[in-house]
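Just one chain follows, in the form predicted on its own, and it is written as C-alpha cells.
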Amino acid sequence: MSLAERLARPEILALPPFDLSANANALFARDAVRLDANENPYPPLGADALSANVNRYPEPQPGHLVRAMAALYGVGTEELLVTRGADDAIDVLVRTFCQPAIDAVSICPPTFAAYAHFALLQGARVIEAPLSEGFELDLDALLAKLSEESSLKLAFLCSPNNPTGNVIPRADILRIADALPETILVLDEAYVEFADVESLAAEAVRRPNLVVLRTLSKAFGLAGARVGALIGNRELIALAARAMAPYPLPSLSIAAASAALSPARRPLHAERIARIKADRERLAPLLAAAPDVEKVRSGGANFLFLEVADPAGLADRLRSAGVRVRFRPNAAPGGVRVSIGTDAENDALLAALGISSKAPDRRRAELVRETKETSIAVAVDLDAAAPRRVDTGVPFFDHMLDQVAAHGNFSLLLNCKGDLEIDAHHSLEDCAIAFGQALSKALAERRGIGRFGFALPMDEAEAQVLIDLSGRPYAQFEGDFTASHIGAYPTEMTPHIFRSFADTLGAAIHVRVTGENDHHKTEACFKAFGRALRQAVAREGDREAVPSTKGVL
C-alpha cells in the first residue's frame, strides 16, 4: 500500500475512480453526436468564438491542457491534476487526507491564509510553526515541533513565501521531506517563476511524500481563469482526483489557458516575467526612501513586502488615490504587501507615497495573431536594444528580422508556428503583417519622432530604403533576384514582405536594390530597412510634437 493510500481518508478510499463521460472522450471523435450528458444542443444566443461551445460540458481533465501543463512543468500527464487554481488543489488535498477532529496540518505563519482556511473548513487541526523574526524558516524548531504530532497529514510550505517573498533553500525542503516520511509535504510554488530557483516538481513525482502546487495565475496572467495544478507521484494524484468536483474547469478557462500556453506565446510571457522582476528591483529602493516606509523586503515573487510606521494613515492616502494594496498586520504590525503593476500603476503608488519618480516612457507593444495557417506572437520595445529573439521556422528569415531589429536598435521577440509543410509563404507574410502591426501599435500617435529615414552598401550590393511614417501605406520595390530561394526563404517574397510592412505599419516604404549576389542583396534590404527605422522612430525635440505641419499623421 502506498503512502497516499495509508494517509487517505477512508471515505476517499471507498470512492471508486470515476469518469462522468464514461471514457467517451477517448472512445469517440471530437465530432461525435453527443446525446449522453443532458446538455442543451444549442449554443447561447450571441455567443462569440470563445463561448460558442459552453452549452457542452468540458472534459473533467482536458487532455490537451493536461499535456501542455505537464510539458510546461516537466512531468508526466499522470503526475499532474489540473485544478481551479492552486487554491482548489489545497482544498482537494485537505479533503483527501484529513479526517475532521483527528488529523492535522502544519503551517509556517505568516503565510498564505488558504492553508489554514481549508483545513478548518474540513475540521482538521492547524499546527503553527512560525517563521523567525526575519521571516526565515527555523528548520530545527519546525522539525522538533512536527515530530511530536502523530496525526500530521499535510505540512504546507510556501516558497517564495506569501506575503514575505523569502525563498526556502532546496536542501531545507528536502530535509523536511526526509524527516517526515509519514507526512505529505505540500510545497506551494505559486511565485517560483519570479525567483532564481529551480522548481521541485521533478523531485515531487519521485517521492511518495512531496507534492508541488503550481498556478497560471501569476506568471501567465490568468488569475481570473483559475487554472492551477497539483503535481506528485501518480498514486497520490489518482487518489486526489477522487475528491475533485465533476467538471472542475469552465470551458472558457480551458480555452484561455490553452491559448496562453501555446508555444508561440511563451517568449512573450518570459519577457513579461523579466520585466516584472526588473520593476520589482527598481521599485524597492524607491519605496524604501518613502517617509512612512521603515523596511522593504524584495524576495523572489511578483510583489514587495513593506513595513510602514502608520498603516492607517497610509490606507487613507492610498484609498484617496484609488490604489489598492494588501495590509498584512498578522505578518508585521505595519505589514503591507504591494504587487508589481504596470508602469502607470507603479507610478500611481509612488505618487501616493509622496515619491517623485516616473517610470521611463517606453514605447512597447505586444500582439498575438492567429489564423488557420499561422500562430504568431510578437513584442517590440522601441526604447530598448534587447532582447532580440526570432523564431519563424525559416532560419534565413529569422536572421533578416533580427537584422532589422539590431540595426533599428530596438527589442524584438517574434515566434511563429506556421504551416511550413505547405511552404513558407504564409509564415513570412503573416510575420511581416504582425511585425508591422506591433511597430505601429508601439508608435501610437507617433509624437516626437524623426518620421523619415537610408542607403546601405553590402559588398557588391547596394540597398536604399526610404521610409515615411506618415500613417499612409505605400510600397515600392525596385530590384530582382536570380535565385529562387536562399535556404528555405523564397526570394520572390521579399517585395511582398515590404508591402506587408508598409500596409500594417502605415508607412511609405521605397526599396531599391542592385548587385550580383542574391544573399547580399536581400540582407542589404533588411539591414537598410532597420537603419531607416532607427532614424524614423528616434525621438527628437519635443516628445509631444507631431512631426507634421498638419498637426496630425
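Numbering starts at 1 and follows the sequence shown. This is a predicted model, so every value here is computed, not measured.
Note that the form predicted together with a small molecule isn't included here; everything after this is about it.
- In the predicted bound form, the small molecule sits within 4.5 Å of a heavy atom of residue 87.
- Under a 4.5 angstroms non-hydrogen atom cutoff, the small molecule in the predicted bound form lacks residue 153 among its neighbouring residues.
- Of the heavy atoms in residue 112, some are within 4.5 Å of the small molecule in the predicted bound form.
- Using a 4.5 Å cutoff between non-hydrogen atoms, residue 217 counts as a contact of the small molecule in the predicted bound form.
- Residues placing heavy atoms within 4.5 Å of the small molecule in the predicted bound form fall in a single listed stretch, namely 186-194, out of 429-437, 186-194, 276-284, 230-238.
- Proximity to the small molecule in the predicted bound form, defined as a heavy atom within 4.5 Å, holds among 297, 446, 226, 265 only for 226.
- A single residue from the set 158, 469, 413, 107 has any heavy atom within 4.5 angstroms of the small molecule in the predicted bound form; that residue is 158.
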